[in-house]
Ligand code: APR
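Next up: just one chain, as structure tokens, the form predicted on its own.
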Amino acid sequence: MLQTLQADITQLNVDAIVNAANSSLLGGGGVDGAIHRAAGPELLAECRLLNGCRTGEAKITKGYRLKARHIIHTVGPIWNDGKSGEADKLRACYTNSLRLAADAGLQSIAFPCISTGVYLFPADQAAQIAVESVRAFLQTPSSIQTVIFCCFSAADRARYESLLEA
């Protein structure tokens, strides 16, 4: 099941939330900072052991003080001109995050709008890539039953809802 919510991703009761992280995995602004603050200092301690993360890849940690049992950290691409492999890297964020969740036997996962904040990925294109990537992954049987696109704004929620209805 695919669904869209306008909510604070740190408050969701799911098996995993996805963190739109920077390559250090040591916290930052936006959703990354919010997740680190809500999860508590234990998250930072575990992230220090992960040796960062490259763009398009994903790593998993415990959820600590969150309702979510796990956090899957992925590093989205910074938008340049759209001709530097940004779409493929963003697609990899979704696919690699879902693969980690499935490998861990998780059933529910929530994604933020990866790369659309300070990384300036065009929101319409990013949403299209997100929905297509998730739908493609779910064609293969796995433990994943529910995927939530957790949007901060009403505009993002409407964007995802229209894509899911198509």
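One-based numbering along the sequence shown. Note that the structure is a prediction, hence the values are computed from the model and not measured.
Only in words, not in the display: the form predicted in complex with the named molecule, which the text now covers.
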Between 122, 30, 52, 40, only one gets a heavy atom within 4.5 angstroms of the named molecule in the predicted complex; which residue is that? 30
Select from the listed residues 144, 20, 148, 14 the one whose heavy atoms reach within 4.5 Å of the named molecule in the predicted complex. 20
Given that the named molecule is not shown alongside this chain, does residue 45 nevertheless sit within 4.5 Å of it in the predicted complex, heavy atom to heavy atom? no
Using 4.5 Å between non-hydrogen atoms, is residue 113 touching the named molecule in the predicted complex? yes
Hey, in the predicted complex, does residue 136 get a heavy atom within 4.5 angstroms of the named molecule? no
Close approach of residue 7 to the named molecule in the predicted complex, 4.5 Å, heavy atom: yes
Near the named molecule in the predicted complex, with a heavy atom at 4.5 Å or closer, the residues from 130 to 166 are 150, 152, 156
